[in-house]
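Shown here is one chain on its own, the form predicted on its own, set out as structure tokens.
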């Protein structure tokens, strides 16, 4: 099996310090959280920008400052900004991070109920717009799919030449309003993508580590972090993103999976060769 790529989703747009005091807001907190996650074994940092008071923002100047701070601490780690932003943000607001010289970003592949009255809107035209912006800037998209219909959308757009190979999927399971994260859900998603595609699992809340183990055993990859889950185990708050990464590293060792470096992760995902001119 390939080495295991671990992504750390260090902040998100919805989780707050009231949920877990280790959720980073400031630039220094973001850089420190990223550094500890990388030291623990993460090779990708999934990034949502926050203002110092925790307000989610897609402002590219804020992203630029955070990315530079992470880069200074973490060297060649892959930094993966979100184009999802937060519920209610406009298309242009969400995608402005693509104006920065980044190598990877997320691409959400369908609309989803997000609990209560919240709807995370990603129309077909939104998806096409985001895909064109990312590919036009030579940015590698991670294809975030919250249910099977989102994979079907990816494959339709691939046939039209809009979404291109290599394809790396992210199965985000357990969101209120989306698919649950049971083993049957994982296998349904896993069996629905092309054989030459790669994938990572994102288990929300209680599904984080059960899905991680399924992916580890199957040869897939894993995302963990305070964006997705604030607990190390039931009732025990994680003392930072690094604690969640460390738990996955231990799980991987149990199943004989080595941990990918950032360089190895780029090779596995068939990303462009690392280029200092292409990153902040």
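In this text, all values refer to a predicted model and were calculated from it rather than measured experimentally. Residue numbers count along the first chain shown, from 1.
Keep in mind that the form predicted in complex with a small molecule is missing from the display, and what follows is about it.
Of the residues given (141, 110, 85, 203), 85 alone sits with a heavy atom within 4.5 Å of the small molecule in the model of the complex. Contact annotation: the small molecule lies within 4.5 Å of heavy atoms from the stretch 76-84 in the model of the complex, the single such stretch among 151-159, 127-135, 185-193, 76-84.
Heavy atoms of residue 272 never reach within 4.5 Å of the small molecule in the model of the complex, leaving it off the interface. Although the partner is absent here, residue 170 is not a contact residue: none of its heavy atoms lies within 4.5 angstroms of the small molecule in the model of the complex. In the model of the complex, the small molecule stays beyond 4.5 Å of every heavy atom belonging to residue 199. Contact check for residue 48: a non-hydrogen atom falls within 4.5 Å of the small molecule in the model of the complex.
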